[in-house]
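Quick setup: one chain, the form predicted on its own, written in structure tokens, and binding and motion questions come after.
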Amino acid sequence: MTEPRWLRITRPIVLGLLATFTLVPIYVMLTSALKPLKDVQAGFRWWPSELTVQPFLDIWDTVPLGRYFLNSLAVSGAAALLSVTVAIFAAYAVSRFRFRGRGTFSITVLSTQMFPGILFLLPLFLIYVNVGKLTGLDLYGTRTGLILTYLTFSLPFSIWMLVGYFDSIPRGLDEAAAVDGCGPLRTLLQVVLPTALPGVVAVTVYAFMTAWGEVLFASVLTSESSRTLAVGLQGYSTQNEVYWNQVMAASLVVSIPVVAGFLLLQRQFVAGLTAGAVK
């Protein structure tokens, strides 16, 4: 099949515009991060008159960025792993078994994505405070409470996505495993899960990225010791001045884990999204 001439002409134009739209903000961030603060405040120039890496060194002293980085990594990683682990078993049950309330459960899981997160903010805050008073278990202002919070919106989405991936896997694999003497759990772990690995990776990456950049819950349900990067970056703004070069430098640094993880898992991620789109 011959490619239309208009497509050959418009493709590089569209790709060029998209690349420009993506790369220009990154270039502005990078050049601003390599400028002294006085040059950033003086006005924008495409090429800095003076280059310095000092902002990348100062970001660790102006605010406790290292602690925020570890908090974000721990919270996002734990939330992603827990949500995907629970979602694997729940999605497999919904996909492979017929039980009373199956349709209601699926609709309920999907309907949770319809509500804005701010509706859950006050109830979760009150629950965490009251649980702490009644049991002594600290959930408010801790990493544990934030992980549980992120599970409230990452787990339903993970279940919903993985049900689609498991439905796309032929049931004949389950039947063949049953003939070989495998039970449901062994079939899931040794047969279905390896086949659905691209989908699992895609859902894990999504859950991690969602938790990594979340601001609303983290700004209310964290304390100074459990604050994450998304909220901690506000520390570069004081009542008297905003350290724009450090803000840009810190923004680039905190983007590295997500970008690196995406590049390392790109093949599985794209395969998972393709399988979900086909489904």
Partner chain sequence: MATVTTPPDVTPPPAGRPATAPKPRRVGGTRFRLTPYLLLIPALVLELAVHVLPILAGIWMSTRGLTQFFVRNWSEAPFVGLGNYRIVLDLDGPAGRDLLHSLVVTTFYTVLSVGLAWLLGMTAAVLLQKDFRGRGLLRTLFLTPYALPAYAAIITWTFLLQRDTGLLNHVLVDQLGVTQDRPFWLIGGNSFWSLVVVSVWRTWPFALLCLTAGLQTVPGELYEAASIDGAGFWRQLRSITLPMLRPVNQVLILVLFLWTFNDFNTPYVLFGRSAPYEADLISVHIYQASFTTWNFGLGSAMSVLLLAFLLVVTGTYLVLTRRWRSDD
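Since we're looking at a predicted model, the values are computed, not measured. Residue numbers count along the first chain shown, from 1.
Unshown form predicted together with its partner chain; subsequent notes refer to it.
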Assert contact residue (its partner chain, in the predicted complex, non-hydrogen atom within 4.5 Å, options A78, V201, L151, I169) equals L151
In this chain shown alone, the residue from Q190, T144, T112, T195 with a heavy atom within 4.5 Å of its partner chain in the predicted complex is T112
Do L70 and its partner chain share at least one heavy atom pair within 4.5 Å in the predicted complex? no
Check: Just to confirm, L57 within 4.5 Å of its partner chain in the predicted complex by heavy atoms?
Finding: no
| Quick one: does P64 come within 4.5 Å of its partner chain in the predicted complex, counting heavy atoms only? | no
Q.
Please determine whether Q41 contacts its partner chain in the predicted complex, using a 4.5 Å cut-off between heavy atoms.
A. yes
Applying a 4.5 angstroms cut-off on non-hydrogen atoms, the residues of 13-48 near its partner chain in the predicted complex are V14, L15, L18, A19, F21, T22, L23, V24, P25, I26, V28, M29, S32, V40, Q41, A42, G43, F44, W46
